[in-house]
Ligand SMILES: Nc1ncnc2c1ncn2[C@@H]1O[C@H](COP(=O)(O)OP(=O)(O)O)[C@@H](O)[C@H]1O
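Let's start with one chain on its own, the form predicted alone, as structure tokens.
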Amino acid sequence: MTKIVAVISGKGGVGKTTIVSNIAAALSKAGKHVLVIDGNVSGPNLATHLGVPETHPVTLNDVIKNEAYILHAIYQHPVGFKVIPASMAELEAELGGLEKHLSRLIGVYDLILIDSAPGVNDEVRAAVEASDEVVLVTTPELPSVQNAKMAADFVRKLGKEVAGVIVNMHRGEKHELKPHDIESVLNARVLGVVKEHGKVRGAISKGIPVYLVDPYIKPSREIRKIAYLLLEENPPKESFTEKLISLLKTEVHVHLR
């Protein structure tokens, strides 16, 4: 059964597209069938995060305008998951009819992720209405969580529930809100806390999900856990060797800091 998840945020700059990209990478490496869609037609950048060639001929914009069939807009990522990019040349496009087009893909994928626009607007509405579940991404700072609260209220007014929250860019600083505080404000469970790491930024600059660069660092391991939670499955147990490599990675990172 295909699950469609809209990934939204109350504001930009919280790493939503990074989270989406890495969830797709983690599940694809595990043999799952995943499709990611750039639902941010007013500011698309999913293709950049994933190294999709700018010459890819068909985009989500063409599908929404009924000028192309949705299967023609799919780009095959080398890792295995599929991508439907949005056009960088049509920033005035809208997402009307997205739900109808996605209905043609039910049964083909285990998970379809919609990387929504930030904030609360018509693009977000279309993504939410087309989804089975909604997941919020926020940083642990109070302003970000307050913006996430507006997005959560928006989702609930549309008759949908927030299935969970991903706390991104966690630095462990005193001013950051704790997971239980975030759950209280947003009235939704925290699916995971992804720590900030230099390798994440480096991977973005190369158009490669960090999970593919280094699956053993803490952000990658946490994203893998979150990915399986979205599918309501238990992740495979780590081998002794995997645990040892992860521990060594953690110690090296702490030492370097």
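All residue numbers are counted from 1 along the displayed sequence. Since the model is a prediction, treat every value here as computed from it, not as a measurement.
There is another form of this protein, the form predicted in complex with this ligand, and it is not shown here; the text below is about that form.
- With respect to this ligand in the model of the complex, the three residues M169, E196 and V200 uniformly fall within 4.5 angstroms at the level of their nearest heavy atom.
- Screening 188 to 196, 224 to 232, 29 to 37, 65 to 73 for residues having heavy atoms within 4.5 Å of this ligand in the model of the complex returns a single hit, 188 to 196.
- Under a 4.5 angstroms non-hydrogen atom cutoff, this ligand in the model of the complex has I204 among its neighbouring residues.
- Contact check for P236: every heavy atom lies farther than 4.5 Å from this ligand in the model of the complex.
- Residues are counted as partner-facing when one of their heavy atoms sits within 4.5 Å of this ligand in the model of the complex; in 1 to 17 these are G12, G13, V14, G15, K16, T17, in sequence order.
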